[in-house]
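Coming up is one lone chain in structure tokens, specifically the form predicted on its own.
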């Protein structure tokens, strides 16, 4: 019997420089996508969903996973129009279910989506990767954003490193560094430092317990609707997986996973298992974490990170870095076998390669508007994972 994972590729819509016909050439059969043109908190109508779905299917692919249906900041803070935005979310879930799209990714990271300090970190072979340097981020917090109380989050040694980095830059370099860093904060470009300060101010008194309470309220409201629509909500881990900018983080560790699943006992309360995000903490055992929550995983990101032992990491090649990719893929296949034998309709897990290196011809092109999502680096990652999967399946006797 076939036990292969569903191979998908992320697509950012009609303006993505990697068109759907190229996605199909990678060997992927599914697309991971979102309606990026709809503002956070507004309803996704059946008409808009079907329009996007038609573009994907016309190219010979399936819209396998929504990534993401964004959670409005007022839901995370439990303020303002929180109730209205939750009702809109329910309507969007119902509409996605009607359109036959059932895996819905979201995150509950305050203000941030993901953060890196260098989007073009040069590797020894000449390719480029995404990189997070703790001292560089400290320089941003302490000397550019000037966040009140930020110095409490760093050692004197790290503050000295941050100051040296900041003072090494010209005014133009400071400007470019700042723009590249904050453009990824709330998931859209054109954000100013004042915008960031205003967003952080909304969380000034919000504790970890408050954020967990607001997540539980959100899930209690939307999970019953997701169940009725035949959907599963899968939460993406924090990236990096620890507190940052003084903001609480609540989905970074194995204990966080247990708490999330216990919040709302529903098959619609699931996990987007991003191996790369979880691997940002060296105390996370990625394979064991997957095994502990395998029956509630609805979507998988397969990537890895490499650390330098000083709080810094970059995106490694997909089969390298700190993630035991062999052990993880084997565990995923074993979970699929278990589900298939149990007669579960959702036995096949969609996965996608993530945050590929910029390499070969892509190095000569204008910078990708979606950092980490050039074509060739992800194609390399997909090919490596497919080869690994094929070898494991054969060794298991299938």
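What you see is a predicted model; the values in this text were computed from it and never measured. Numbering follows the first chain given and starts at 1.
Form predicted in complex with a small molecule: not shown, discussed below.
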* With heavy atoms only and a cut-off of 4.5 Å, decide whether residue 109 touches the small molecule in the predicted complex. => yes
* Asked: Is there any non-hydrogen atom of residue 105 lying within 4.5 Å of the small molecule in the predicted complex?
  -> yes
* Given that the partner is absent here, does residue 63 sit within 4.5 Å of the small molecule in the predicted complex, heavy atoms only? -> no
* Asked: Contact between residue 336 and the small molecule in the predicted complex at 4.5 Å, heavy atoms?
  -> no
* Structure fact -> Answer among 111 to 119, 212 to 220, 197 to 205, 319 to 327 for heavy atoms within 4.5 Å of the small molecule in the predicted complex: the stretch 111 to 119
